[in-house]
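Each of the two blocks below gives one form of the same protein chain as structure tokens; they are labelled structure 1 and structure 2.
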Structure 1
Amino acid sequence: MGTVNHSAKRDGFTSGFGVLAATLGSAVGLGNIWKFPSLTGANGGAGFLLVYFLATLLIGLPVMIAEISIGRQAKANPITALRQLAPKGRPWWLIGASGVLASFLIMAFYSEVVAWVFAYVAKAVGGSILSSDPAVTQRAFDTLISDPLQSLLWQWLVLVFIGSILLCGVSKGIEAVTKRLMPLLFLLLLLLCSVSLSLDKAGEGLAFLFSPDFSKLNASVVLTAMGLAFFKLSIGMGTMMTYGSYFRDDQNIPRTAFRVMTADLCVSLLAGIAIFPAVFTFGFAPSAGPSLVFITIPAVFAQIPMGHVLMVVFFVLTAVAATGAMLSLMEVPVLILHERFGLSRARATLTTLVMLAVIGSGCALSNSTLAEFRLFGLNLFDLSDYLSSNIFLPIGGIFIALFVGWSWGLERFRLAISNHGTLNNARLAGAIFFLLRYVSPALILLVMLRALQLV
């Protein structure tokens, strides 16, 4: 395998705000707007929220800090990073390799949902999906996803769009774009929340989101909440390692991770606050699943003053969120092809695009041409969604935690997150290390085994 010449300065994030914007840009995505509200709705509201919150804090945050530290310490892609930091001959780099597989698995379905979002931006502007009758909005959605040509074209459009940003590089591409998009995202979200909260039954929607119904909790719901925590923070497959390798040396890693986690949680809650009051006011079911965004939301907007404009705002907001996340997903194979296989950045991006177009078409066509093709009762789209969040990411998370806890060791971890002794956070490092060494791997394993009914 060839490696690139490291004497040239490696591209990376340039400012503290840039680091925060890019990392938050990765975390915030369809997970907040498409997954979080519908999963919370389907699993009984605040009880689910509580479990999700605990999983984020006890498992997500430590693993995120671990990934970023590994990346920054090695200043290399996940495979090279783990080879460099592990004792000679130990196969820890396999975490990086399986991460590449997981990234394609996630992008295969993710890019298709992003494709629907982009298509909906166009349709929202044209006004064609605005109807107060859910049967009509349902038909509009079905027409889109069951049309093979439309599905593929929108997906390719998304890939070309993301690819062209990646071509500009890390600081001039990813950082420059996310720095502008993240503030815009908060602005649009707050606008939608203020409209939603002024509706009649805002209280009922909020009560649904915030009053716990623990009767719905069982092992598989807990696994779903944990999978969501992984998916939300972009951890378990090397994305955060990749971004970590672009972190500045003076960046405070635990603080950045904590801020990203908090801001990401805020975006999810704000998305819930924007969506549920409106859903209740117009008498829709809160647990409408993933179709909440594409079927219920347009029907809700049709009944709100200025609904046409607000719907454009909503889908632009979703497209903005999805862009930062897609950038981070695609950057993983791009960096590996570039650094480990010696391709130029342009070729690496192009190769990833083509591979993704091929693999992704399986998901794009899973509601049309390939609808009959099922494994374990799921079509390709649902299968990649389930496998990535509930199997690949948690297993990746276990091994990342084990690597830091048992191979890298406390001393080196402490040095890495204290910026070689410049920061005074030794106690914090000890606590995070304890979580990584014992708590996170055991919890993840237990939840997985229970949910898959193996214990």
Structure 2
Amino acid sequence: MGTVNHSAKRDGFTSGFGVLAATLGSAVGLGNIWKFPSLTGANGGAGFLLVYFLATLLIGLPVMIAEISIGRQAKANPITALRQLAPKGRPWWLIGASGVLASFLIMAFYSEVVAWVFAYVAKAVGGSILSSDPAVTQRAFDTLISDPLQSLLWQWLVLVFIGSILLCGVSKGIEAVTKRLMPLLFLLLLLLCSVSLSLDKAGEGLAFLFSPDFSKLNASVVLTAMGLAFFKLSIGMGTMMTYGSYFRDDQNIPRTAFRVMTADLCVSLLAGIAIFPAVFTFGFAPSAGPSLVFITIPAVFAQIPMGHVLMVVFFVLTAVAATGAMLSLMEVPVLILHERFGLSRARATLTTLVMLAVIGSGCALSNSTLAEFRLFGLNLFDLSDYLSSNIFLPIGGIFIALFVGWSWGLERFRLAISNHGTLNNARLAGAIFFLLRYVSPALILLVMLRALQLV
């Protein structure tokens, strides 16, 4: 395996807004639409939000800044970047390899969930899921996931759609698309919020989401917030390092990362405002998970004026959120195949598509043809989710923090995020470095141990 000369005319993001849109697109995903708002409401509302925000500052944000800095400094894929920046003979490049594996495992199951979303856009347009009876919407969802042909077809359509964007490159593909999708995401959210807030029991939905209940704050809730803070910002899987390699040299990395974190939080809260007033108005349980998106939401919109149109808007919104995340995930192996194996970008993209179609098919068929197949007691869908979320992502995050804190060192890190001295942020660099060296890895390890039910 050799490294090709990729520095000449290397594609990258061309504007500050493009950087922000693409990075935010990576961070925003399906979890913003259902998981984050539901966890917030179930775990104390405003109290949980406060813990989450503090945990993000201690865990998610420092590691995100570290990843982006490594990528921009090396202007290369995660494996090559760590080979360049690490002391000779030290195997820090394995962090990059772990990120590639994590991105594949995530895409294996996530592409199928995205496939359900895209299928529901078509179903929403056709009106086949517009029913106020949850039994009807439940049956529609069960029919979709238990049909092997539909599962594979929609997954492959999603992969082809994402691949077609990546074929256009970084500036004309990823940046151009996310610059349009992120404003659209906010506009659609604001439209749904305006409708939802006009409903009879909007106050109950807002109280569920925002009213502080500090009696619910315990060790378990704090650990839940810490885990969410780590997983929400797309760190530990090579995506931020990959996107960092496309950052402009004058981009203020800490400021951009903070804006991404803030905008990501706003998307999650707007999603909660759009969803929960309607859920409470019509007496549904605000439970987390696919049931909220695919079963409860259609039943809710069936009872709202212009419900058919709004349901289409909701699933288009959800598809937009999923697209940005898929682009960043798939770009990780594409860039490595392009730069380290010498494949053209087109061949690298097509190779990644074929590999994902093969690997992801196991997850796509986990509710139908392969429903009885188990490894370690889990079907392939759940196993991919478990391994990536509980093992590979935390390990990647821990070692990124350790690399910067104990191998790269303060001076190199300070130069990287100060744009080689052009930004006056030495104190900020020192604070972030302290977190990376001592605090973030310890807290991520705690999150990992809890996810593995070892604490």
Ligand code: TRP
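Basically, rigid core = biggest C-alpha set you can superpose within 1.5 Å across the two forms. Just so we're on the same page, residue numbers count up from 1 along structure 1's sequence. Quick caveat: nothing in here was measured; it's all calculated off a predicted structure.
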{"query": "Index of the chain form predicted alone, chosen from the pair", "finding": "2"}
{"query": "Core fit, then L375 C-alpha moves 2 Å or more between the two structures", "finding": "yes"}
{"query": "Yes/no, V334 Cα shift of 2 Å or more between the two structures with rigid core fixed", "finding": "no"}
{"query": "A225 C-alpha shift between the two structures of 2 Å or more, rigid core reference", "finding": "yes"}
{"query": "Inter-form CA displacement between the two structures at L49 - rigid core frame, Å", "finding": "3.9"}
